[in-house]
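As structure tokens, one chain now follows by itself in the form predicted on its own.
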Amino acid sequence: MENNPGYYPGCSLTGSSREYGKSTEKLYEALGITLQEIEDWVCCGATPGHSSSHLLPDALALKNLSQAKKQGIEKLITPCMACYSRFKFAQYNVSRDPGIREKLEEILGEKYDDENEIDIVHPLDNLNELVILNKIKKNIKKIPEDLKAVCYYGCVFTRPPEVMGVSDYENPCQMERLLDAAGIETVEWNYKTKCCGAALSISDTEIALDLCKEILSDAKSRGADMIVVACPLCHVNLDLRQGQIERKHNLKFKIPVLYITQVIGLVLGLSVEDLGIDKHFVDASKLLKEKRLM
């Protein structure tokens, strides 16, 4: 286990989803792992970058990876699903198309060395590494009482499988293993890798609201107390827009949506304030008190 892996927070974790960034940093600190943030990082070029150029997102991603290499980073923790996907795509594209490589190097103004490629790692995989998972188990301070959760991965984490390098793209289980270690029951459901419509959240909000309504409805029908996520875009759709969805469809959900880093942080004894849970739109305090996590 590396004690100081690289860390790329990206725009979301320092802005609209800063509670995800805060909880990630606090959790790793509690586990005794120092995250080495990339110096002078820039936007990764996720979704909006494609609207103006297909090369721009790859160039921005490679700029960050080049900077990380200069810092001697070999493993890069990347919590945002969009950033994680963008870095994976950039590595995939530059290694398979010499024409793209030449164009990207021209944009970057430097050669890109992929002989010792950085290992892009999402916290879901990193926290499941045996040494870290055992450390989580040994440091549990609060055991929840009869808490049921559904794990929502969204559509980006495992897709496309040839780029992300996974075989279980329809049924990932990283969150389930982490929650099981934390004493939280995970419930089987139908929407763990379905799209929430995040890419259309602003341009065609009604589609996103309808997609999220199905996700929330299935979670509630399964008796879930909360939805656990690992993507800032999914969180915005299911938490911030939950009130809009309720009003549009004349339904009541009131299902708290927490990041996996927040849930694991809670069982390790970190506070709601430390983890930014008090900043969510759907109040989780009543549930967390009932389940003895607060």
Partner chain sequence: MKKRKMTLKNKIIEETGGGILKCFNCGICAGSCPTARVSNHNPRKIIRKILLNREVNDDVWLCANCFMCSARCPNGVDIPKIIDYLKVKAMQKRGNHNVIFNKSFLRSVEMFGRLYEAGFLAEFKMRDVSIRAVKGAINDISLVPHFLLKGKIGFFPHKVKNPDEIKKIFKKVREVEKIKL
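Since the model is a prediction, treat every value here as computed from it, not as a measurement. Numbering follows the first chain given and starts at 1.
Heads up, the form predicted together with the partner chain isn't pictured, but that's what we're talking about next.
Checking L211, A149, L124, M81 for any heavy atom within 4.5 Å of the partner chain in the predicted bound form turns up a single hit: L211.
When the partner chain is considered in the predicted bound form, only one residue from L35, L240, A30, L251 comes within 4.5 Å through any heavy atom, namely L240. Relative to the partner chain in the predicted bound form, residues Y7, N116 and V166 are all farther than 4.5 Å at every heavy atom. Though the partner is left out of this view, S203 does reach within 4.5 Å of the partner chain in the predicted bound form, counting heavy atoms only. In the predicted bound form, the partner chain stays beyond 4.5 Å of every heavy atom belonging to K26. When the partner chain is considered in the predicted bound form, E145 lies well away from it, no heavy atom lying within 4.5 Å. Among heavy atoms of G45, some come within 4.5 Å of the partner chain in the predicted bound form. Between 127-135, 178-186, 105-113, 216-224, the stretch whose residues reach within 4.5 angstroms of the partner chain in the predicted bound form through a non-hydrogen atom is 105-113. Applying a 4.5 Å heavy atom cutoff to the partner chain in the predicted bound form picks out D278, K279, H280, F281 from 269-284, in order along the sequence.
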